[in-house]
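Heads up, the chain below is alone and in the form predicted on its own; it's given as structure tokens.
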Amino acid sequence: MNKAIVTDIQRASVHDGPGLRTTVFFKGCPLNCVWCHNPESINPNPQIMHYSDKCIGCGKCEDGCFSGAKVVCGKEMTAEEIFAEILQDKPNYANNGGATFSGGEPLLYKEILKELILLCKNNGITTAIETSLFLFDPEILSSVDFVMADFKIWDGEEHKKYTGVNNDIIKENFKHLDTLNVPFVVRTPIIPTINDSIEEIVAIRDFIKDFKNILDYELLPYHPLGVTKQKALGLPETRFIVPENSKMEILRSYANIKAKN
């Protein structure tokens, strides 16, 4: 029986696609972005997270943590178990909500995804996927109703420096994605000192602007949510400055693909 490692299933999400959604976060990612706000989803294996500020010093760690200071991150689940949780939220989806598969990188779990997409379709639930597009599966990507794909940094060497992988294959996969006739949104997390220049955004915009199935180009401001999780995982803490709203407005004016002509 196929199983996936899941870090969380978040309900009533409004940031992971159209409408109200149930977001399934899969564990494991081929990228290792230094700013990742879900660093617990990079390693594909279950991990222990220690939140020292919650520890009450009871000395009963082996019996289970009662204060929430010690958390096991990553649970093995079958497609049926995951879908059972998605199905509970079906009354809340209205006309445009549904299930979103995120991570980490959900395309690491191709067989599970195929099962989940089929279960959702058979029960009238729309599906979306959030992906780095470092991996590509035309069967899965053409089966979902909506795709959200990250384009993090334009230059390949800079991309490798900050994410661990070159982006040549990602650029090619964007071209392939546009042939599948599935609506998609491109997203760039704005990280000050790394990719927050007008030149950077224009380079990405000019690459994606003529895709026929693209709906929008979204710029997402860096959020330091991942720093606390890095500490809990025993990883080096990497913090950036949150970009100012005025800077985001300027960059978004250059990211406007709807006004490209």
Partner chain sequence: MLTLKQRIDAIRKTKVEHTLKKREQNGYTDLDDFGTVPLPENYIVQPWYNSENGSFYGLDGMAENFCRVMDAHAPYVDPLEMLCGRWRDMLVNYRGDIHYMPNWRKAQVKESDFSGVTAQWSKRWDEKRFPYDHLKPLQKKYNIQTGIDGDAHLACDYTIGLKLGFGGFLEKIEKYRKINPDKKAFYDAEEKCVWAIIRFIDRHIAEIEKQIETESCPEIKESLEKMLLVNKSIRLGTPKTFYEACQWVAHFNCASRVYTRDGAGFQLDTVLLPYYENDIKNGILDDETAKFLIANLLLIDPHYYQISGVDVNDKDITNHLSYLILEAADMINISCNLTVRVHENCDKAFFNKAVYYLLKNKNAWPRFCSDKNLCEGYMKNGISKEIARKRIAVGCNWMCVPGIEFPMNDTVKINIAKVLENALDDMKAEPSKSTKRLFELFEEHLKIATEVTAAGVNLHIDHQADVTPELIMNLMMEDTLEKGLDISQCAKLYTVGVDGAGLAVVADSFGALNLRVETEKLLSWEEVYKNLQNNFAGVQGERIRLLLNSSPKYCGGNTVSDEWAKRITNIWVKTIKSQKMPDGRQLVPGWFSWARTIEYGKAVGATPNGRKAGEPISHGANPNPHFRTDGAVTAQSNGIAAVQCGYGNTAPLQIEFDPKLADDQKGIEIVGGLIKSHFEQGGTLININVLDTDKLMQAHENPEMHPDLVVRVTGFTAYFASLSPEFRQLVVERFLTN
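Positions refer to the first chain, counted from 1. These figures come from a predicted structure and were not determined experimentally.
The discussion below concerns the form predicted in complex with its partner chain, not included here.
Student: Can you check 90-98, 104-112, 187-195, 161-169 and let me know which stretch has heavy atoms within 4.5 Å of its partner chain in the predicted complex?
Tutor: This holds for exactly one stretch, 90-98.
Student: Find out whether any non-hydrogen atom of residue 67 is located within 4.5 angstroms of its partner chain in the predicted complex, and reply yes or no.
Tutor: Looking in the predicted complex, residue contacts with its partner chain include residue 67, since a heavy atom lies within 4.5 Å.
Student: In the predicted complex, does residue 199 have a heavy atom within 4.5 Å of its partner chain?
Tutor: Residue 199 lies outside the contact set for its partner chain.
Student: So in the predicted complex, does residue 58 come within 4.5 Å of its partner chain, heavy atom to heavy atom?
Tutor: Close contact exists here: in the predicted complex, residue 58 approaches its partner chain to within 4.5 Å, heavy atoms only.
Student: Taking 4.5 angstroms as the cut-off for heavy atoms, does residue 253 touch its partner chain in the predicted complex?
Tutor: No, residue 253 stays farther than 4.5 Å from its partner chain in the predicted complex.
Student: Give a yes or no on whether every one of 30, 42 and 137 sits within 4.5 angstroms of its partner chain in the predicted complex by heavy atom.
Tutor: Not one of the three qualifies.
Student: Within 4.5 Å of its partner chain in the predicted complex, counting any non-hydrogen atom, which residues from 11-26 show up?
Tutor: Residues within 4.5 Å: 11, 12, 14, 15, 17, 19, 20.
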